[in-house]
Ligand code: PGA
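A single chain, nothing else alongside it, follows as structure tokens in the form predicted alone.
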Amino acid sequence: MLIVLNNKCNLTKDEFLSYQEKIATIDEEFVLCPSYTHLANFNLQNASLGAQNVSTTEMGAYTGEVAASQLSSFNVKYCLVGHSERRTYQHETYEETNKKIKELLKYDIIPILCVGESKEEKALNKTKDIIEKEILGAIQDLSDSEKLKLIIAYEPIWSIGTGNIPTPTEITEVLQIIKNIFPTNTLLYGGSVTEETVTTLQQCPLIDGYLLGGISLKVENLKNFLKKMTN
């Protein structure tokens, strides 16, 4: 199981250092995606370093951007792309996601492509169309070997932070749609993953791991989740 922790825009420097000491005691290996400001302070032995975003461009006169080459210099191994929060708040497009994936692959950083439908799209039975559009838009012009390097994270937007998750059947149906495009790629699930929902999620055989948001910041809850996950 691949476990990815997305801290989002949280933790001051001192808070991160304290947090890092606590998660250093976790037995399972995982990927940690902290804020950019904490990349230089990463020193875990039980985790790989991930980033939450990357620029569509190389280094240059792009104030506020962080290039893939810069991430690589900090030994970043993974990077989220296409997260619903960036699609919503920063209005990121399929084209931008595609450019980011290409930049990451130049530096052997594994893209974690996030896809998922909104509550309205689900109600209109558009889930399949949305998932396919997001994926096909993101992988345009990629070679077959490049496509194999991607990790796909299914995060239904309506589930994130709500405590509600799709049924095992619904999750399996969506992951099968993704499998039809990426037969051998690693598939993650994210969206209200907690100690309480892990038992339900374990009923989905196509889940290869989890992208964890809120629970990633609650170390004891995270440990309990991981314990239940491995039992």
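Just count from 1 along the sequence shown to find any residue number. Everything numeric in this text was worked out from a predicted model, so none of it was measured.
If you look for the form predicted in complex with ligand PGA, you will not find it shown, but the lines that follow are about it.
Chemist: Taking the shortest heavy atom distance, is G209 within 4.5 Å of ligand PGA in the predicted complex?
Modeler: Flag for G209 set to no.
Chemist: Can V31 be called a contact residue for ligand PGA in the predicted complex at 4.5 Å between heavy atoms?
Modeler: Contact check for V31: no, nothing within 4.5 Å of ligand PGA in the predicted complex.
Chemist: Considering only heavy atoms, tell me if S159 and ligand PGA come within 4.5 Å of each other in the predicted complex.
Modeler: Contact check for S159: yes, within 4.5 Å of ligand PGA in the predicted complex.
Chemist: Contact between G50 and ligand PGA in the predicted complex at 4.5 Å, heavy atoms?
Modeler: G50 lies outside the contact set for ligand PGA.
Chemist: Just one of E121, E85, E134, E92 has a heavy atom within 4.5 Å of ligand PGA in the predicted complex. Which one?
Modeler: Of E121, E85, E134, E92, the residue with a heavy atom within 4.5 Å of ligand PGA in the predicted complex is E85.
Chemist: Run the contact test on E155, S192 and G213 with a 4.5 Å heavy atom cut-off to ligand PGA in the predicted complex and return yes or no.
Modeler: Checking in the predicted complex: E155, S192 and G213 are all within 4.5 Å of ligand PGA.
Chemist: Please identify, from 160-168, 176-184, 52-60, 198-206, the stretch that has a heavy atom within 4.5 Å of ligand PGA in the predicted complex.
Modeler: Answer to the contact question: 160-168.
Chemist: Within 10-29, which residues come within 4.5 Å of ligand PGA in the predicted complex, counting heavy atoms only?
Modeler: Result: empty, none.
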